[in-house]
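In the block that follows, a single chain appears as structure tokens, in the form predicted on its own.
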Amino acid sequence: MESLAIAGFGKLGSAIARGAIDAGVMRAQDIVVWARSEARRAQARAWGLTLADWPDLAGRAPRLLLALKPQVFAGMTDPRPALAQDAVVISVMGGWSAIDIGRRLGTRRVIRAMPNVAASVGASVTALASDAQAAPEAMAFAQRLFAAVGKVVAMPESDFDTATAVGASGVGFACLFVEALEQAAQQAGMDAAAAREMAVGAISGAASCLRTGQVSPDELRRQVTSPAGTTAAGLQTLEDGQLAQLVQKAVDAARARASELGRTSA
């Protein structure tokens, strides 16, 4: 029997598998996957992973990672697939609560996690439910699995809609800001390649400084803002445009959508 079954081998499922193998958390021969497309199946074979059909996959390992689109999970669990004995389910699906996943699969051993797309480059920040019903050794495995693709932040599952809005959807919000910086630079006459480098560099530079833990966002902002300087002029414009309020509305909208998915998924 394999050690980990992965249902769904898209960008996130494959990134987690790749990170786990590269970090030595898993061996390729101990992973079995179900993938919808032939391209993803070919990728799995190239990595030395085993392929299985759904629902047989569900019973192939003591740990089942659900990396499915939330919208397809209900259909795939009707009828209910048979899990391996004492199996632990680890879900990275948005919207589906541990309780509702457990009801669909007939188990209380469900761990929820919420990584983001940066898992593909080992830079995800993954929310991991700290109040799961799973055994300590299962939680320890989940911690190692997601640490292989970035940082892990333990939190109660009640915070997961917010984690989805900030940690996962927030990547999209950040990209929109980078796009806006690029467009502004090009409007001012800068060529597209240089505009991309400057915009991405500004965001990655800020993130790198903040990653050290030696400075807070507020402190770093103050450090780069000279009185009556260029940064101060730009920040005042953003504040006049109520950027903070817009971000709050974006997070609230994403949280509401996550909650809505949770209400309609079961």
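Here the structure is a predicted model, which is why all the values come from computation and not from measurement. The numbering used is simple: start at 1 and walk along the sequence shown.
Another form exists, predicted in complex with a small molecule; not displayed. Remarks below refer to it.
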Whether Gly19 contacts the small molecule in the predicted bound form should be assessed with a 4.5 Å heavy atom distance threshold; does it? no
Closest heavy atom of Met93 to the small molecule in the predicted bound form, within 4.5 Å or not? yes
Leu12 within 4.5 Å of the small molecule in the predicted bound form, heavy atoms: yes
Hey, in the predicted bound form, is Lys69 touching the small molecule, heavy atoms inside 4.5 Å? yes
So which of Ala147, Met190, Val178, Val117 gets a non-hydrogen atom within 4.5 Å of the small molecule in the predicted bound form? Val117
Identify, from the list Gln236, Ser208, Ser37, Ser216, the residue with a heavy atom within 4.5 Å of the small molecule in the predicted bound form. Ser37
Here the chain appears without its partner; judged in the predicted bound form, the stretch of 222-230, 24-32, 60-68, 200-208 with heavy atoms within 4.5 Å of the small molecule is 60-68
